[in-house]
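Just one chain is shown here, as structure tokens, and it is the form predicted on its own.
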């Protein structure tokens, strides 16, 4: 039986079409309205409230907390000061990515790791003979993503202490509706936004305060369909969609390294030792065989394929999560893993894995398209990620 999030009593009555989906054993909304257009528009033009409680959350504390995290993740946790957050992948001994997520330094020697897949056993295996406490707080904490250009204005209405200049990838403590919360300047939309970490027992009061204040700013609850389009525009990876965890892959070809996922910035080879360091150092020296890139479909070429059959161009109504071949010079050089029509950019875009040497930005390629039940190829270009990166995100 699926579990429900701490906000379910508020979200369930809003789901008009019973469009529930499974996420880490929880029931969450794909879309609240009949279509996701208004929810996506709120992310990009006003403010949206997204229930992300199914994320796994681990509190890691003690004398060796930073040492454990530095052994597990590729980022340099020793440099992470209290009040800061970092995004990082983590790998097995071969440098293959297991998962990715964020590490928040809540205080000296106290961290929270969030991720898409359960990690408790892996953390304990790596903590052998360390003075560290690892606690699974996944069910104790609800999580809300408040995203969009007006998200800060909404938040300022409900916090008990002035929010102040909370920087990008910083975290602070505050109170909302009498509830102690942690607020991080993070999100999965590529826009201005915050994530709120709320005690599950008091979650509904925080939801009510946000939605009451947000009604003046166009705040809209948003589901996974809207979030999917936003994160593709932002060029953000999704585990089990854009890459396969090394713990679940059944063939070497299904695995990816951080360099192949274009996460070079998240690999700190200056650290003396961490899982996969030796393999990643060798890969950095030789260069990755693949890169994770953007793909922009040439609309003229795409439209012509349908026109030739007497049809209007057919676009997906929601973001797709399937493997679609990418070609160059008559042979396959990669595959797209997710894509959508971007309402903001007015472009058909995708996230893709492209083999060397074909992943340079603006390289012309072709993408497979099904037209009238037949496979065709439309022109496209490799594009640098992200597609959408507004200054307000970091301002």
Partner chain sequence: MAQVWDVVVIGGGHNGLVNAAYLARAGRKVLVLERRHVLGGAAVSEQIFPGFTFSVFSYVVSLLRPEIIRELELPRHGLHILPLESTLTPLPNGDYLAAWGDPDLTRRELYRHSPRDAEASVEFSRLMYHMARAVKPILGMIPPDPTSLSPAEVKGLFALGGHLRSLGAEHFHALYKLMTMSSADYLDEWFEFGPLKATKSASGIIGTFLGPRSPGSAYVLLHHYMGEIDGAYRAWGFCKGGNGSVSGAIASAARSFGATLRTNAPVRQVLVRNGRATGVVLESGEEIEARVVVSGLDARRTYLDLVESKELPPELLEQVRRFRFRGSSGKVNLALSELPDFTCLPGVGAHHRGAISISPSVEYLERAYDEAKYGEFSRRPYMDIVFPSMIDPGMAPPGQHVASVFVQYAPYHVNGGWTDAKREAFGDAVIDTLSEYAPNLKTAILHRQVLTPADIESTLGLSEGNIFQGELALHQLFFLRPAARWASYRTPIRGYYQCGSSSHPGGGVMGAAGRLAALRILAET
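Numbering follows the first chain given and starts at 1. Worth saying up front: this structure is predicted, and the values here are computed from it rather than measured.
Separately, the form predicted in complex with the partner chain exists; it is not shown, and the next lines address it.
- Query: So, in the predicted bound form, is residue 165 in contact with the partner chain at a 4.5 angstroms heavy atom limit?
  - Reply: Outside the cut-off, so no.
- Message: Within 4.5 Å, heavy atoms only: does residue 217 come near the partner chain in the predicted bound form?
- Response: Looking in the predicted bound form, residue contacts with the partner chain include residue 217, since a heavy atom lies within 4.5 Å.
- Message: Given that the partner chain is not shown alongside this chain, does residue 300 nevertheless sit within 4.5 Å of it in the predicted bound form, heavy atom to heavy atom?
- Response: Yes, contact at 4.5 Å.
- Contact between residue 64 and the partner chain in the predicted bound form at 4.5 Å, heavy atoms? Residue-level check for residue 64: no, no contact with the partner chain.
- Task: Work out which of the listed stretches, 366 to 374, 44 to 52, 323 to 331, 350 to 358, brings a heavy atom within 4.5 angstroms of the partner chain in the predicted bound form.
- Result: Comparing against the partner chain in the predicted bound form, the contact stretch is 44 to 52.
- Are 33, 38 and 312 jointly within 4.5 Å of the partner chain in the predicted bound form, each by at least one heavy atom? Each of the three qualifies.
- Message: Can you pick out, from 316, 287, 82, 78, the residue that has a heavy atom within 4.5 Å of the partner chain in the predicted bound form?
- Response: None of the other options qualify; the answer is 316.
- With the partner chain left out of view, choose which of 98, 145, 105, 150 has a non-hydrogen atom within 4.5 angstroms of it in the predicted bound form. Result of the distance check: 150.
- Task: Let me know which residues along 112 to 136 have a heavy atom within 4.5 Å of the partner chain in the predicted bound form, or say none if there are none.
- Result: Stretch hits: zero.
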